[in-house]
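One chain follows as structure tokens, the form predicted alone.
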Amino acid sequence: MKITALINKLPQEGQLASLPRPYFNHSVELKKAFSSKDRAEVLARVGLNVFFFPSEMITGCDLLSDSGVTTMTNEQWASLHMGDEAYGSNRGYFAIKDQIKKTFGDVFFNEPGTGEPNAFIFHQGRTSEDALFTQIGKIGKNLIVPSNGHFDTTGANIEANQMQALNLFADELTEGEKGFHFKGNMNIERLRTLLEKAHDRVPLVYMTITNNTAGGQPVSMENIVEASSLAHEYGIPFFFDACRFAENAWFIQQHEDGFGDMDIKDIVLKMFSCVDGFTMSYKKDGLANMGGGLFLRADGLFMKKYQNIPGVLLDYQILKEGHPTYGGLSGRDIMALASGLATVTDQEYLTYRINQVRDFGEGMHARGIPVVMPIGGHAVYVDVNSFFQNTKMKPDDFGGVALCAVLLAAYGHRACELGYFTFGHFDKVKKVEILPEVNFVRFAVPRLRYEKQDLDAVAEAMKILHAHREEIPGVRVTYGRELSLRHFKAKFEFKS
């Protein structure tokens, strides 16, 4: 009893400034030693394109992407051994079916042999986008797919099918309001104007949660409901790009009135009650290294409006990926995915995960680095224009590309330019760059992989580069300026 009385007087566990992680390290990999000279030489050979830089030479943090680079849990590693590699109806298929229904709702996975096919497994998210937009593109001409922010391959899949991928960013994002927590929102007024003028050209409205293109910012439940209602008012299906659905739900719980006492799992169900379908890469909030899917609401508007598409999608899936019950994935990968999907809505995990990214971003901000504030759920975004303000860096010097190259060569940290080069394009007629609305370098934090010391090292390196920003040269594009998805393929050299 005495010890209980003492404990009750002490600050409680959750009130301490430093809290233990909600997980243990399962295994470690020792890094190889490479010098900045080694990295600079190799980087020059691959044309300063960080995608082509060998990962084993990254002696710092690899923050190129949070996709497929999750450190899996013990339960996931154990589930790999339970994988059933049968060609049809393997054990993992039933595990993922049950977990999809539990996480997102029964209406997104019809039981085998009942109803139209509405759940399509793919080996990764962009393949599910390809399947969806290949069929949508056949509906008509001059179609527009509006979004709060299409990511690179999403927009490319839409445009490959002769449709326009239209970004409707929230005003709060482009106007730089620092205290607003839902800068990833769809611009409802711009969406309304579009639908009033051209609703017959909009086959579906597509919302990304969280908004990777717009600084990794979340979307509010209010905005989800508004966008869904507006789309349905015009008889248009409403979809999610749901890669980071759990992280988005956490922000709703923490920052939107009326959701503070609601469980993450219930918030997710409420979010998905608004959509007629969704695509997803499970390499993010599936906590898996591979996997994707396309799911249609059984009683939703998409299934009613486009009755022929589910059957065509099934044929497409079989032709491209294999039998529908494995969809291009090994049985063991499906088992790991089902396990990860069950873990990702855990409150303790999400709180630690998002606070780790926030701490990293606020550490950058405290060191004078211009970052998108508030910090999003999966990454820290450096504002390239502000970073190089009052220097000689010009828009077509692609400062974000240059910054990533110098950071990798000097300190062994890899980040990704998501700005003027990635989302821009070269007008072949006018011979000028067409620049997008945003110009960021993204530092995407893999799940369950790094610790505070690792990320603090990145922030310290960025502080040094910011102090020397006037000395960072721009880059010249030596190959790929006119290509689609050019950031994956281009080569550069520093300007003298």
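The structure presented is a predicted model; accordingly, all values stated were derived computationally and were not measured. The first residue of the shown sequence is 1; numbering continues from there.
This next part talks about the form predicted together with a small molecule, which is not shown.
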item: Residue among 109, 151, 387, 250 with a heavy atom within 4.5 Å of the small molecule in the model of the complex; value: 151
item: Answer option from 145, 415, 243, 344, heavy atom within 4.5 Å of the small molecule in the model of the complex; value: 243
item: Non-hydrogen atom contact residue 339 with the small molecule in the model of the complex at 4.5 angstroms; value: no
item: Contact flag, residue 187 vs the small molecule in the model of the complex, heavy atom cut 4.5 Å; value: no
item: Exercise: residue 70 in contact with the small molecule in the model of the complex, heavy atom 4.5 Å; value: no
item: Exercise: residue 297 in contact with the small molecule in the model of the complex, heavy atom 4.5 Å; value: no
item: Contact stretch among 99-107, 326-334, 261-269, 282-290 - heavy atom within 4.5 Å of the small molecule in the model of the complex; value: 282-290
